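There is one chain below, alone, in structure tokens, taken in the form predicted alone.
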Amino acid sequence: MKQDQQVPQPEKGKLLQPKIKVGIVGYGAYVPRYRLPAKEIGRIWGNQGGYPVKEKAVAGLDEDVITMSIEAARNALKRADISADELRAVWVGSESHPYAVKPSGTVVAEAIGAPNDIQAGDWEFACKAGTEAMVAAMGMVGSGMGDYALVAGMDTAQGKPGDALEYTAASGGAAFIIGPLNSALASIEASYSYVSDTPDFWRREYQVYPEHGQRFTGEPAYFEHVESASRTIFAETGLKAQDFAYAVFHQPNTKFPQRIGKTLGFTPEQIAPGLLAPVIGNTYSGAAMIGLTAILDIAEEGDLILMTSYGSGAGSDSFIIKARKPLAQRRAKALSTQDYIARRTQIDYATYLRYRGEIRMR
């Protein structure tokens, strides 16, 4: 892709674009070191192959959405090269907040040193809770209400023992600081959201594990929303798959993002850098976001990146992001996403049950 390529800015249309241009000022990932191989789950439940991922990341006994969000947020602050007291919002998107009543965002804000006069709270929209918060952060910064807003997409997702989700439901995610364009590592050129009432995945109050609509989660759910969001942002900007250096989609498994990428005209090479599901599983609210961090770790000035998330219930947020010159200098200020992936300690199924609190003593 040519480095001087400009993204068209239509005067009217369906895009979500703030009046003040904004971008990603800082970003950071976090992946727990513990890994549970899919074949170990298969050994317990008698499945001999056909696993949706190679292995998944598992949060340790002292890790939850809050602690992992703090780690990712600190990495984002390092790359942003700003103080936490400059933040105007700290929002955490997740479907596995540790408290039913008590926000994760306030704990994260205080732990990273943010001031008391700040917006803080939690977001929910299944697997796109993090990107939902990103759109809100664009609105806050783009309206002039604040200079910087930090958003995290993080989960310690849980799958029912023996269910198909147990192979992929993983822990980890990412954090981004949205700020003014003049200090951004990457500009957010455009965004678009597409939603519908599609009940493919849900968990009612007091249910321990989520339920899902089996194959229904693919055709009328994931593929419909991801494709619609991506094609609309293409139509509104006049861009095509070949105009992008990279693309990252929500990755509940290995096959879904590969299939949607091919449908939209992307090559495997464009998708590969952000496709992390095979080695860390589905990090739910942070799945697309952590894929974007891996791309930002290698992107060059001028590269266009498409990110389209997906959340059951259902909806997709699509973003066009353009790498800027400061990215190359500031990404080395924190651990890369691949650094976290390389920090690997394999565990067995019994240890996994202990870490996830599945062994009840009474």
Partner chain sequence: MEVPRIWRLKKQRYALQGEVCPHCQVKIFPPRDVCPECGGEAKTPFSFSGQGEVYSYTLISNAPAGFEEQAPYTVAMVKLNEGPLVTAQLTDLGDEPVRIGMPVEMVTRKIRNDGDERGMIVYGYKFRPVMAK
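Numbering follows the first chain given and starts at 1. Small disclaimer: the values here were computed from a predicted structure and weren't measured.
This protein has a second form, the form predicted in complex with its partner chain, left out of what is shown; the following refers to that one.
Novice: So its partner chain isn't shown here. In the model of the complex, which residue out of E224, E124, E86, E110 has a non-hydrogen atom within 4.5 Å of it?
Specialist: Looking at the other structure, the residue within range turns out to be E110.
Novice: Could you work out which of D297, E40, D64, D303 is the residue within 4.5 angstroms of its partner chain in the model of the complex, going by heavy atoms?
Specialist: Selected option: D64.
Novice: Exactly one stretch in 317 to 325, 304 to 312, 28 to 36, 44 to 52 has heavy atoms within 4.5 Å of its partner chain in the model of the complex; which is it?
Specialist: It is the stretch 28 to 36.
Novice: So, G238 and its partner chain: in the model of the complex, are they within 4.5 Å at any heavy atom pair?
Specialist: G238: no contact with its partner chain in the model of the complex.
Novice: Classify Y99 as contacting or not contacting its partner chain in the model of the complex by the rule of any non-hydrogen atom within 4.5 angstroms, answering yes or no.
Specialist: Contact check for Y99: yes, within 4.5 Å of its partner chain in the model of the complex.
Novice: Quick one: does E95 come within 4.5 Å of its partner chain in the model of the complex, counting heavy atoms only?
Specialist: Result no; E95 lies far from its partner chain in the model of the complex.
Novice: With a cut-off of 4.5 Å between heavy atoms, is A334 one of the residues that contacts its partner chain in the model of the complex?
Specialist: Result yes; A334 sits at the interface with its partner chain in the model of the complex.
Novice: Going by its partner chain in the model of the complex, which residues of 244 to 269 come within 4.5 Å of it through any heavy atom?
Specialist: Nothing in this stretch is in contact.
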